[in-house]
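Only one chain is shown below, in structure tokens, and it's the form predicted alone.
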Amino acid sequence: MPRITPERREAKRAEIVAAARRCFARGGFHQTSMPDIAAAAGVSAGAPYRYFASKEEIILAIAADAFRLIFEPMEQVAAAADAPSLGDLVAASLRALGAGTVTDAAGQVVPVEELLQCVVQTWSELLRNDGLHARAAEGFERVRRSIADALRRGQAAGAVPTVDPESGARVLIALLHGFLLQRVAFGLTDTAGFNDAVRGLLDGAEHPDGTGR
């Protein structure tokens, strides 16, 4: 049997992840078996185990893509801007969430709605999966520190109101979490309208005297 190339192996992994994501979005993590994933990927029942040790490992890969979609745009603005406003930070992630598709870590185009369906399910997994919880906590802390540093720079430039940067970072992250839950569970699809409302509220907090930005 010819040896599989690294490129082919990565491509096959991506196909299996894509199939699992479709199954998870449609039927949930626990209702989906590895044979279900294999069938959706068009491979033999045992083939997924050549690339992933378990279903949990596939869930981790999907969770990593979801986390990157949500928070990487905010992190990029936090790192690049000298004094980003609160609205700028939130808007960066909302723009990505408002898109129809996103590119995953393997370079595959993924429907955003499919990925977000998996995000909400992932939250419940944090309560029972120690490995997923540890990865999520590590990523959360990285993002929180990045945003807190950006808020400190914004405060120094007078663009961000006086608020504890650590707590403020948690509030901005919570805004995104709340948007995701409302979108997936309650059909909130007006991302642009939500962004406008957030900017209006946050800009008012930044400039209570009504002078604007």
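Residue numbers run from 1 along the displayed sequence. Here the structure is a predicted model, which means the values were calculated and not measured.
The following text describes the form predicted together with another copy of the chain, which does not appear among the structures shown.
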item: Heavy atom of residue 68 within 4.5 Å of another copy of the chain in the predicted bound form; value: no
item: Residue 101 within 4.5 Å of another copy of the chain in the predicted bound form, heavy atoms; value: no
item: Partner contact for residue 27 in the predicted bound form: another copy of the chain, 4.5 angstroms, heavy atom; value: yes
item: In the predicted bound form, residue 47 touching another copy of the chain (heavy atom, 4.5 Å); value: no
item: Among the candidates 83, 126, 106, 96, the residue which, in the predicted bound form, approaches another copy of the chain to within 4.5 Å (heavy atoms); value: 126
item: Position in contact with another copy of the chain when the complex is considered in the predicted bound form, options 148, 184, 38, 60, heavy atoms within 4.5 Å; value: 184
item: 4.5 Å heavy atom contact with another copy of the chain in the predicted bound form for all of 8, 73 and 77; value: no
item: Another copy of the chain in the predicted bound form - contacting residues of 169 to 188, heavy atom within 4.5 Å; value: 170, 171, 173, 174, 175, 177, 178, 179, 181, 182, 184, 185, 186, 187, 188
